[in-house]
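The chain below stands alone, shown as structure tokens; this is the form predicted alone.
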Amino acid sequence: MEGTDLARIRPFLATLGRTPTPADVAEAMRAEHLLVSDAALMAAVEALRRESLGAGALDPLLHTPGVTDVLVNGPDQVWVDRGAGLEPAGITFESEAEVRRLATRLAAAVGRRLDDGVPYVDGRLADGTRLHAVLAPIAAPGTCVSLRVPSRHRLSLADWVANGALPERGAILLRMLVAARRAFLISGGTGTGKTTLLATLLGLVPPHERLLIVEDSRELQPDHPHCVRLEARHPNAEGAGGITLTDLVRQALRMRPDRLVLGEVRGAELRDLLIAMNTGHEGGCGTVHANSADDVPARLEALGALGGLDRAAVHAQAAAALDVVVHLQRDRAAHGQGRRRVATIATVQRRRDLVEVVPAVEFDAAGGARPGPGLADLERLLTR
């Protein structure tokens, strides 16, 4: 059914005060002098169902295998990432009002308010899809909706190798990294696969070990039999009831973790994570946004400042707590079709009073490996 036809029958259905039945839809179509064939009626009912449940017109995209992100930039621009970079999705919305209705309904589904008073929202849908929305006119060219689709398939290291995202030599090193209970961070830009790789590596942890996973929004789904997940909570409209990552890291330390996992290091919780890693909690890990492995110390400095740590304290704590950085990058579409891959495995070393991330092995887009100055240190960490 055309969007204009749906717009004509919505006012009638809105007066019912209940969920419309197929008979109600047929009556509304007749009132607007629309053709009421079996096919037309089924199309109208399905279109209305999509509007009231799930992600509306975006539902087919979210359930397409391989889709990682669906982005809406106003009514006329919908983009999708199938793993090879963003491309037009081939669908549009009828109007800005339709996009706003969708964003507001999705926000309500995660128990959040979205209106002119609070024009943005961040949350997780029931199926694990990450939602972020900003209303117009704050956003242009219209209300923007960003949906991050959770992986429906738990990747193994063999899958990473088969996909060309990790050479076999890299898989061996990462397997040794987990077995050696070394503390590590996975770094990379947005959408490079940090959470996916972390889930893969957590699946390698021996089954008798207890994982305590702390996340802002639940995304990690490791293939492991003993996981306890703690999820942060945003304050309500009155500003009460919020639970921060810092709160949860502190609680996790009292829950007898064998490995403490912070889904994404993004703020003051870095202080508590570093302290935990320096008090006998081996094998701790997490992800952090950084443009390169070299940029990780600067990123930690900025996050540590949010937790009240000065530069010297951040570097001292990081040097004692962290062993390895695994960096992911996404190749440009012209060179590898936007493929996400492991680019560097590096060691964390202290030089004078500062931490440096020193490349041990660097992998190119073709799968070649180039040893770096940190290789001997990495081998020492993984074998002792």
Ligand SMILES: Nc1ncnc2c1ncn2[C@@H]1O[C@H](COP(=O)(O)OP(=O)(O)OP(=O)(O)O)[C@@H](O)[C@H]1O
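On a predicted model such as this, the values are computed, not experimentally measured, just so you know. All residue numbers are counted from 1 along the displayed sequence.
Just so it is clear, the following notes concern the form predicted together with the ligand, a form of the same protein that is not shown.
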item: Position in contact with the ligand when the complex is considered in the predicted complex, options S292, S151, T104, T244, heavy atoms within 4.5 Å; value: S151
item: Contact assignment for the ligand in the predicted complex, among R169, R130, R112, H281, heavy atom within 4.5 Å; value: R130
item: Partner-proximal stretch of 299-307, 269-277, 133-141, 195-203 relative to the ligand in the predicted complex, 4.5 angstroms, heavy atom; value: 195-203
item: All of P20, L41 and E98 within 4.5 Å of the ligand in the predicted complex, heavy atom check; value: no
item: Interface membership of N163, the ligand in the predicted complex, 4.5 Å heavy atom rule; value: yes
item: Non-hydrogen atom contact E264 with the ligand in the predicted complex at 4.5 angstroms; value: yes
item: Close approach of T68 to the ligand in the predicted complex, 4.5 Å, heavy atom; value: yes
item: A84 within 4.5 Å of the ligand in the predicted complex, heavy atoms; value: no
